[in-house]
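In structure tokens, the next block holds one chain alone, the form predicted on its own.
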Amino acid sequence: MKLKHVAGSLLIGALSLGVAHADIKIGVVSSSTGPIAMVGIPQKNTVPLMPTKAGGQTIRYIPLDDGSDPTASVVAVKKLISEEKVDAIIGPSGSPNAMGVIQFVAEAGVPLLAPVGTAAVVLPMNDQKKWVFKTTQNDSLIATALLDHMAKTGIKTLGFIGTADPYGENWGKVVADGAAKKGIKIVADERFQRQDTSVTAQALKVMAARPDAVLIAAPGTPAVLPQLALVDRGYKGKFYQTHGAALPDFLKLGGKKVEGTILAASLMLVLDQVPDTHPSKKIAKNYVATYEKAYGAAPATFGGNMFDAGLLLERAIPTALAKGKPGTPEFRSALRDALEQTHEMPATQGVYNMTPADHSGFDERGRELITVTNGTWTLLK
């Protein structure tokens, strides 16, 4: 009996120890295959580089590929919630994919860190979106920089071409509102699908309107297509792009036809050109160096969005652990609350200051005005 009592005590002690030191499980959904793989691949590659410890606990990442399919994103998120019992989810890579999973993470009470472009995942804030945190700059922050430059350089008329999805639609709304305030008239407003191989019709309509400049709002390599179509048809006006075009393949695919393009994006594109005093420079340089060592090439900024999600969780986890154990609703809720209280946290994309109303948290330190010069990114001063 005494032996049984000791054995039982040891078993209870072992189980208690297992609970106390349970891994924090983070689900990751990225599009490492399919139409938006250029966004998803650097995000998938970044997962092994993210923090693996926080608050004395081990962080375990569970990565899944949704193949760029919004329906597959929902399946993956449901699997992570119901089968893996994750404490948080990072992803998906695409804006439509992220919009489609918000309902399910909110119902489960699982924080979602979305490395996507559209601000629609966090705005307008409501009971569902309060579970979502965004690790890219909101459209309005980027749009303000672009529209300010247009106004200063005498742009009076603007053509707009965006993707026919939440990314392009939200950009269309933000630009329409901002342009009106700057006295810039939008004379053409066109949409296209990410998987389209031709945008001839849209390009011809924009050409017919004769705008002083054209703004293209598309994430990843699809951002190149409208610009090439316009250049090939003789358009001579100015080109602007969103932070969705901030990847090496934009330069490779566009070649000389994207020379002079202006965009606003994170400092990662021009790290060697920003002052050493920038609070994010050291962090971004370390991330880029680690990524290059692992994969032999520099990451697109989309990878930085994934890395920042890991840093945000690393910062929030110790606070959440004081209110609940990993794997419990109490911990997940406390993790959400801790993320919302993030203050002055520098990361690869800028400095995060979250509030109940702002789950992106960037200010002007999260963007740089950049142009393409001789096939490379150049800080526009």
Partner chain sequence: MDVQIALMLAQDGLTNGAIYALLALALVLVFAVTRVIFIPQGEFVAYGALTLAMMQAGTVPATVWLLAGMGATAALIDGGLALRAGQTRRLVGVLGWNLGYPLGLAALLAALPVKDMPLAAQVLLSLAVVVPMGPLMYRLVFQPIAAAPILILLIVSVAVHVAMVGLGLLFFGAEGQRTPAFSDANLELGPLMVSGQTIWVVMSSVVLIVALYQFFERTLYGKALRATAINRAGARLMGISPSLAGKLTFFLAALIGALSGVLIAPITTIYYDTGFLIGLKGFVAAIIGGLASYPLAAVGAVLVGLLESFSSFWASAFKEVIVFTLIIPVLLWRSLTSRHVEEEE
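Between two forms, the rigid core is defined as the largest C-alpha subset superposing within 1.5 Å. What you see is a predicted model, and the numbers here were worked out from it, not measured in a lab. Positions refer to the first chain, counted from 1.
The discussion below concerns the form predicted together with the partner chain, not included here.
This chain lacks the partner; the member of 126, 153, 277, 200 within 4.5 angstroms of the partner chain in the predicted complex by a non-hydrogen atom is 200.
Site annotation in the predicted complex: the residue of 354, 345, 37, 64 reaching within 4.5 Å of the partner chain with a heavy atom is 37. Contact annotation: the partner chain lies within 4.5 Å of heavy atoms from the stretch 38-46 in the predicted complex, the single such stretch among 38-46, 310-318, 55-63, 332-340. Taking non-hydrogen atoms only, residue 96 never approaches the partner chain to within 4.5 angstroms in the predicted complex. Under a 4.5 angstroms non-hydrogen atom cutoff, the partner chain in the predicted complex lacks residue 71 among its neighbouring residues.
Although the partner is absent here, residue 289 is not a contact residue: none of its heavy atoms lies within 4.5 angstroms of the partner chain in the predicted complex. Shown alone here, residue 328 lies farther than 4.5 Å from the partner chain in the predicted complex, counting heavy atoms only. Contacts between stretch 183-216 and the partner chain, counted in the predicted complex as any heavy atom lying within 4.5 Å, involve 190, 191, 193, 194, 195, 196, 197, 198, 200, 201, 202, 204, 205, 208, listed in sequence order. After superposing the rigid core, the Cα of residue 266 is displaced by less than 2 Å between the shown form and the other one. Shown in the overlay between the shown form and the other one, fitted on the rigid core, is a CA shift at residue 234 of 2 Å or greater.
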